[in-house]
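First, one chain by itself in structure tokens, the form predicted on its own.
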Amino acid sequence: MSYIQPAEFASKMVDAGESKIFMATKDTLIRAYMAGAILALAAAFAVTIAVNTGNFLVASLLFPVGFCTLYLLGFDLLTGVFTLAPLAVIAKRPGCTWPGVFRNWGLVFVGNFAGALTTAVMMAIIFTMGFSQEPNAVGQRIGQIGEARTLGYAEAGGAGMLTVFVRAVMCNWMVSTGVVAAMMSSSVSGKIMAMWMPIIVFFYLGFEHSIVNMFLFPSGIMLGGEFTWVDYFAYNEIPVVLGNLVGGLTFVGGMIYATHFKESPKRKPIKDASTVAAE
């Protein structure tokens, strides 16, 4: 697996964040677009498995194929840059600023959304025979997911908003752990193995991922789900983006930076009484 020590991959995280900030607009948008499109296809794949087999665990075990693919191709998800880009500013890398971080986040959001929406339109065509028929079983299930994760949260009021936010925090704790885990190995097989594990956890537990939702909810609207774009953004996408930011930056980026990139000096051994007397 060619394991890389934490101090070394922590440095790689800061390097990656610096690279994201200085990346050209064209490259940032293309890489974000492709990441959104591929992850959306993986979500469609997982829902199809769950509907056809009736086994959500099997769907969860196979969903990470999309995440691993887009990572190995060098594409960027908003959840990942939430974790990595700020570290370059915190580490005071030359030229790295918060406006640069916000620019990167904005471009990646736009690219991810456009890519996920492209896949959503194409899959809606497939699920409805070119919008000439009612959605098939998979399409109907996607519509139900959208209703449950917008109107369901709205009906619960403040408790619903707290729940969606915490689900989003927990999601990017796991997803960004997958991003970082890929840096623990120098081999392709090692990277895939390390990424796969935390992604299974997030998906099976039903946590909220902002880019997956960029596919599920627009798809749900196109496939007849009884909720609106306002419902989607107000009761899901906005709180999920905020939760993903908190989860990735605090539980992954911030913690690894604090203990592995900025490790404190080791404590000196305390001399016992007999040692002092002998001296």
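Just so it is clear, the model here is predicted, and its values are computed rather than measured. Residues carry their position along the shown sequence, with the first being 1.
What comes next is about the form predicted together with a further copy of the same chain, which does not appear here.
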{"query": "Contact test, all of Leu78, Ile142 and Gly224, partner a further copy of the same chain in the predicted complex, heavy atom 4.5 Å", "finding": "no"}
{"query": "Contact of Met183 with a further copy of the same chain in the predicted complex (heavy atom, 4.5 Å)", "finding": "yes"}
{"query": "Leu57, heavy atom within 4.5 angstroms of a further copy of the same chain in the predicted complex", "finding": "yes"}
{"query": "Any non-hydrogen atom of Leu62 within 4.5 angstroms of a further copy of the same chain in the predicted complex", "finding": "yes"}
{"query": "Any non-hydrogen atom of Phe113 within 4.5 angstroms of a further copy of the same chain in the predicted complex", "finding": "no"}
{"query": "Within 15-38, the residues that have a heavy atom no more than 4.5 Å from a further copy of the same chain in the predicted complex", "finding": "Asp15, Ala16, Glu18, Ser19, Lys20, Ile21, Phe22, Met23, Ala24, Lys26, Asp27, Ile30, Arg31, Tyr33, Met34, Ala37, Ile38"}
